[in-house]
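First comes one chain, alone, set out as structure tokens in the form predicted on its own.
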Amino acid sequence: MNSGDTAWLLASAALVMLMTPGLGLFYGGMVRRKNVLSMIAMSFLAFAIVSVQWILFGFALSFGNDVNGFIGFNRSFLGLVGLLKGSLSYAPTVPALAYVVFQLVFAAITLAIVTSAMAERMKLSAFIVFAILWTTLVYDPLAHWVWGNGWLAKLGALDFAGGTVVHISSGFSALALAFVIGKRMGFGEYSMEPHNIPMTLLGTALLWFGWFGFNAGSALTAGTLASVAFVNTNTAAAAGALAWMFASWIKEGKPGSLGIASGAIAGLVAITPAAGFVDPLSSIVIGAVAGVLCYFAMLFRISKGIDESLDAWAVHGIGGLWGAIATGIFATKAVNDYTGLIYGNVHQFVVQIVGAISAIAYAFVVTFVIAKILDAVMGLRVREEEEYVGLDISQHGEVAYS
């Protein structure tokens, strides 16, 4: 056991926890004022639901003994009864529960990202059931594939902090859910402008801050690797913010603040899988490409009339896909024990593509099936009159602004 590693991992878990309410503010500012409480509340609920699910059986499914490469299981992990003392092979220098809670906050933020596709139209009761099923059937298997010694880990796929497990899964799941739940009333017919961009900018600041724990904490030790990941994280976020700003400035004539915030998130998403494998110069390229790529993905989504309302697919899905591939391009032994395409390692590049495509297909298909079944059994959407008055009143009996 190392006290420095333990302190850093617990602090990182606290930083990542802050990202979930931060995401609530990020999303809340982008919806109309009649739905802001609903949007923020779903992030809080996501954290609460996953916190219980993870303790009961989520961690066991993700990090238990490998079962055919697909899922994990360990009876002593259920309820964490066998983890009160000692450490795990995943993180041998820290107490087992420190690693458990660090992974818990990752699962929570991933579910919260998916709420992008539910904005302003999903029943709270349906969200609760969806949350339990999605975390169990989509997130936990993917976490096992990559981090729990599942088939992608054995194949050699690299994902330092969750480009595949967190961002590809949530982004493409949001797209699948958007197809099932359908467009908001009036989408494409009249303006649905963000009601409070300063709130979104505050959420961005909290996400950027928390992301240092997200990526640098994934080193699992307080040392050189954490320091490299920390610097890469900040650098890619800055490059992404600048790239989206300039791209939108050229195309639209004005550098919107919402674009700067979205670009920063795009850069953070893309560097997530690569943070502990690439150098700072590569992180500039990764972040900048993400800013431009995610901006045009958003424009594509709008042009096709897809109401994936708050762009989890464009930013997290496409950003995570680029980040996974970029890891296979820019990984260097100067940082870690792996090399990418630019150093002649074609195999790693191919493995990254296989891992990303597999995650996309699994997350999209399983989420689509979950949503279809729930829609048939209990209905996903609120009634038209409830959507008209807003989910704050219809689902919570509250208003954000008197």
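Remember, it's a predicted structure, so these values are computed and weren't measured experimentally. From 1 onward, residues are counted along the sequence shown.
From this point on, the text means the form predicted in complex with a further copy of the same chain, which you will not see here.
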Which residue among Gly256, Gly156, Gly182, Pro92 has a heavy atom within 4.5 angstroms of a further copy of the same chain in the predicted complex?
-> Gly256
If we test each of Ile71, Leu220, Val228, Ala247 for a heavy atom within 4.5 Å of a further copy of the same chain in the predicted complex, the one that passes is Val228
Considering a further copy of the same chain in the predicted complex, find the one stretch among 80 to 88, 156 to 164, 174 to 182, 316 to 324 with heavy atoms no farther than 4.5 Å from it.
-> 80 to 88
Would Thr204 count as touching a further copy of the same chain in the predicted complex under a 4.5 Å heavy atom rule?
-> yes
Looking at the partner-bound form in the predicted complex, is Lys372 within 4.5 Å of a further copy of the same chain by any heavy atom?
-> no
Find out whether any non-hydrogen atom of Val101 is located within 4.5 angstroms of a further copy of the same chain in the predicted complex, and reply yes or no.
-> yes
Contact flag, Val52 vs a further copy of the same chain in the predicted complex, heavy atom cut 4.5 Å | yes
Between 185 to 203 and a further copy of the same chain in the predicted complex, list the residues on our side with a heavy atom within 4.5 Å.
-> Glu193, Pro194, His195, Asn196, Ile197, Pro198, Met199, Leu201, Leu202
